[in-house]
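Form predicted alone, single chain, as structure tokens, below.
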């Protein structure tokens, strides 16, 4: 019967009429939805064969599948192993047979050594990208192995804390074609290793030295790199104004400079690094020295600057006004968590920079309606506005955003006074794809319904603890926003199964955070499981009415689920064990499940073969056998233990103390 589905009675397959070129063109159009290719491949033998030759990128879930996967897809050029915690030397030996491999990501993998790396780079001569971030056990011998990758162009070594100048020296000598290298948190590396990189690897475009204990000794060599575009010196505490002043040279090719958390550098040292720069487009000086008039005046000659990020700095009004008087027109300004931002300074700034596309004023708690009026009047082309916790901005000001800023795609209004009238106005921003309304206590279904009706491009919606939200507005969102990918309705306590059933129509939904929704039951969860097959993150903590009945459809339909929080639900051994059929499942939080026994937990942990992180109640630690931990940790699984005990909270209602559930 299956054969008749694709063939007529004579056995002729109509798909054979399609040329390979046409089929490859079809495959090129199937990148958006991962399920499309899965359904494409089994259509017929020719489709199966062509798809295996067409695929160039792989992201396997488990290392034990590598043999079959690499055999099935011989033309792979990019291999992402970030979901495989256990990659051994034997695994790398197997991978080394893929002669066309150009890029490999090992940033979340452990258990391999310099032997496996040597085998990999020796046999895969086409390798141009290697990500070894977080490989804290790798030493200089591993760096020496990497040095054999003569064609290497991009290398990430973030948090490789055991690699020293000797290892970096080997890489500098062997990998002369390097264009990008990240040494973030490589605490064993200093001026010698970085200096060798700068001298030997003349093609470097991007260099990340965040929190590396360097001084200014290696900076002259770095600044002499003719093609350097991105330089990150975040947290380099040994660099100060005095040492920078003697350099008397900048880097003419530099486009992005990050000096965040350089506590000993002020505008004096910063101006030394930017001398004669004609290409600098972005300056990041977060959590640095105060932004004064002198700071602004020292940088006013940067004629190409488009973005400046001053997050966490103490900002003065004269400093902001001086930035406003720069002759250039900035496209991005970030003042997140800056003390000292006032209406006077901010209004002056935005009035002059009318071409702003991105503005971040998160936690600028002194600004009022005045600032919002100037922002919306001057910066009508804004695409991103982040203003979480601007507590003095009144509800009337939010109406101006919808009236004047129609190009907004991202809007963060978390913890603000916005009400339904504000939401009604903001619904005019039809291009919105991300809207955050967490802890907005004045909004109700009436206002959010307008968003659902008018903002059809919405992909991300955060309603965390917005207590006035219930089923009617979620129905409007689900109906009007078919591209919704993420929604947070945590602690919206009036949400019921009706909302879940509505959201099940959003086929692209991949993240659902619904902790603290006590009225939701297994019926609603079952609807999500059936309708949202791309779901990969689910938080149903404190959904007390979800039990094993909800786990069965989840286990059957949600085969892409990677992270789940089941704490304080009514799931028992049976429901937890059923999740073993989800091969993608990697991260599981299981706290205070009354129906969970030690025996049931052991069975579930052994059956869920892809787990990489499990959070459990500390009381289980003594009940589980030690060989179990050894087995799971060898498989690449890490355990986190919670000491928090179950607490009963009391809620005051009408002057009476009423017993409630755990907080």
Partner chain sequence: MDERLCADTWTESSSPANELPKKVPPDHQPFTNFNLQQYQQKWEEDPSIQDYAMSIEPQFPEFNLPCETPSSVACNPSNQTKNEPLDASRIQDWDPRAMLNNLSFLEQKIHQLQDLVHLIVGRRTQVAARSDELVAQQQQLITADLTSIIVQLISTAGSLLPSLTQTLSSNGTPFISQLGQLSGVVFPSGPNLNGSVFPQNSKVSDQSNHVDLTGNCKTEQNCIEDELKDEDDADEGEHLSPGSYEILQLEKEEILAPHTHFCIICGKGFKRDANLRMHMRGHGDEYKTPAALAKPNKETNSEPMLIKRYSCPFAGCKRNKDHKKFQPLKTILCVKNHYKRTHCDKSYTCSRCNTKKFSVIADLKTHEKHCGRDKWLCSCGTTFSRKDKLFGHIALFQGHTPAIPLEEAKGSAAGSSDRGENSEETNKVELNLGTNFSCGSGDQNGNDAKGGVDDPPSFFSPLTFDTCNLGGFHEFPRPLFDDSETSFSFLMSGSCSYPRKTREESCSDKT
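Positions refer to the first chain, counted from 1. Not measured: the values here are computed from a predicted model.
The same protein has a further form, the form predicted together with the partner chain, not shown here; the description that follows concerns it.
- Here is the short version: of 237, 314, 90, 166, the single residue with a heavy atom within 4.5 Å of the partner chain in the model of the complex is 166.
- Residue 173 is the only one of 453, 173, 373, 441 with a heavy atom lying within 4.5 Å of the partner chain in the model of the complex.
- In the model of the complex, every residue of the candidate spot (141, 196 and 200) has a heavy atom lying within 4.5 Å of the partner chain.
- Contact annotation for residue 192: at least one heavy atom lies within 4.5 Å of the partner chain in the model of the complex.
- None of the heavy atoms of residue 272 is located within 4.5 Å of the partner chain in the model of the complex.
- The closest non-hydrogen atom of residue 114 lies within 4.5 Å of the partner chain in the model of the complex.
- Put simply, residue 425 is far from the partner chain in the model of the complex: not one heavy atom of it is within 4.5 Å.
- Residues with any non-hydrogen atom within 4.5 angstroms of the partner chain in the model of the complex fall in just one of 549 to 557, 141 to 149, 74 to 82, 376 to 384: 141 to 149.
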